[in-house]
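Only one chain is included here, represented as structure tokens and corresponding to the form predicted alone.
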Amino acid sequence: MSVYNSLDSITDELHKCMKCGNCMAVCPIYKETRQEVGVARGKISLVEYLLAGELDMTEGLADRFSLCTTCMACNTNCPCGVRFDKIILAARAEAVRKKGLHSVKKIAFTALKMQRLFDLGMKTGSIFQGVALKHLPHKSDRIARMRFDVGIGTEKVFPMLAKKTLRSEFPEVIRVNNPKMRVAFFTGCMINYFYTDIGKAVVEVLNENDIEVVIPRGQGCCGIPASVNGDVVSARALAKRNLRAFEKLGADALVVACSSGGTAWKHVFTELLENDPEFKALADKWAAKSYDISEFLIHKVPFKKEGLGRVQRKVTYHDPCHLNRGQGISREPREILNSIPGVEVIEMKEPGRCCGMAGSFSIVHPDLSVQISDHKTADIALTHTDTVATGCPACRLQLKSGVENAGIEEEVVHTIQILAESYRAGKKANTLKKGGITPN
């Protein structure tokens, strides 16, 4: 039974928990609050009381269930193998069924389902964002802070909306000569509207490896923001729309450069659509050929190394929770980085520690999010690197905010951007050699 359908679906997970408290050692919430309700063990007890009828679902209880970044660190540290992420998602879905969705979230998730209206809103936002955002001069990023406090403070650093969305910059099919295969690219929201530089790097690298790229115009949000907040109805609608869009154009594989989006395609869609035979079959089909971009380049292609040029960077890599623990992908991005001439990879002490972003968590609990982020920023500072690479655009936002506010000169990019930079450097070096010039 899907965790999104009923609270009863996670009773087996609840029974596994022996209340040992091992989750306390790794929970980012507990480390900051030192409150039992912040840790998995405490929330499991609340769910047990709910199922036993000893507690009613109230707004206060729903708020306690929101105190989780779904980083899954407790899962990996649990000797009994409790999947707490399943428990918290079931509890949040139950909260929405019993108490309804917060009005702001309801408006946001409704807008996500109305793609044309959402696109228009984001385009309008890109034009008038200067009213609310104060642009910060930066050599490599268009970043800004809020001009006034809307409940999340004015210190948070945000990427500015791109003037043109990624999907509007490319044709639906980007062809190459003698393609090895046809690959569909799921852009997600952050890459389409904010970090178009990541999306351009994905297309560039795939084309460099003789791969035809398809970017379905009918795609939209992966639905993870809705599903993790308990809005199962919206999440299912978004899953179906994406499946229709990608099925229409077809591809040999699907790549994602966003850890949440990859989790959606590989795991969430199939669970959301468990009771819909037609779409469940589609979800299973696409889940089997969905890859994170680093996973695809290492295991499916593999990517060309002979054309790589020198990139002089000292890089530390941050493991996104939904990529590392959610999909088991940690080695692949490092393998890509280590293959690039000139790149020196220097590990943090805790590269897999949650950065505190967790989507809407950083908006609902901004102070706590920053507290969690500060540990990551301090860890980055100790590496004395000039670049942080990651595999998640949302983590990129959080990490950039952290280093900017700490006054650390650190560029924050997606791993794929450094690989694209290397291919460009290789082409430039080759051109200089042909012209009789020795590159530096």
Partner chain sequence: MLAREVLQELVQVLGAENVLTEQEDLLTYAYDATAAMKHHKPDVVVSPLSTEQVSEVVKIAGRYQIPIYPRGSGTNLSGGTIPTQGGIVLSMLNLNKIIEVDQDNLTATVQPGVIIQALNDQVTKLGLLYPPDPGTVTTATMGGSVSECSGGLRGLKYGVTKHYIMGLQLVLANGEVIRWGGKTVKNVTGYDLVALFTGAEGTLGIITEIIVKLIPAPETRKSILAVFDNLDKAGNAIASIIRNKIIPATLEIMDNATIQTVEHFVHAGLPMDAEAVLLVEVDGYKEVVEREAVLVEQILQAEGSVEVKIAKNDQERDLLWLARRSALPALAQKRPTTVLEDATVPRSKIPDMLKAIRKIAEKHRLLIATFGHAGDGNLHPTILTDQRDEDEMKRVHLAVDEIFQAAISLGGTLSGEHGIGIAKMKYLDWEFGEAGVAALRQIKEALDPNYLLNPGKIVRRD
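Values in this document were obtained by computation on a predicted structure and should not be read as measured data. Positions refer to the first chain, counted from 1.
Same protein, other form: the form predicted in complex with the partner chain, not shown, and the subject of what follows.
Participant: My question is simply whether Arg34 lines the interface with the partner chain in the predicted bound form - judged by any non-hydrogen atom within 4.5 Å.
Facilitator: Flag for Arg34 set to yes.
Participant: May I ask you to check whether Ser9 falls inside a 4.5 Å heavy atom distance of the partner chain in the predicted bound form?
Facilitator: Although the partner chain is absent here, Ser9 would stay clear of it in the predicted bound form, with no heavy atoms inside 4.5 Å.
Participant: Test of understanding: in the predicted bound form, would Arg41 fall inside 4.5 Å of the partner chain by heavy atoms?
Facilitator: Because a heavy atom of Arg41 falls inside 4.5 Å of the partner chain in the predicted bound form, the answer is yes.
Participant: At 4.5 Å between heavy atoms, is Pro171 in contact with the partner chain in the predicted bound form?
Facilitator: Residue-level check for Pro171: no, no contact with the partner chain.
Participant: Non-hydrogen atoms within 4.5 angstroms of the partner chain in the predicted bound form: do Phe296, Val301 and Glu411 all have one?
Facilitator: Checking in the predicted bound form: none of Phe296, Val301 and Glu411 is within 4.5 Å of the partner chain.
Participant: Just give me the single entry in Gly81, Gly130, Gly100, Pro277 that has a non-hydrogen atom within 4.5 angstroms of the partner chain in the predicted bound form.
Facilitator: Looking at the other structure, the residue within range turns out to be Gly81.
Participant: Among 376-384, 389-397, 411-419, 47-55, which stretch has residues whose heavy atoms lie within 4.5 Å of the partner chain in the predicted bound form?
Facilitator: Among the listed stretches, the partner-contacting one is 47-55.
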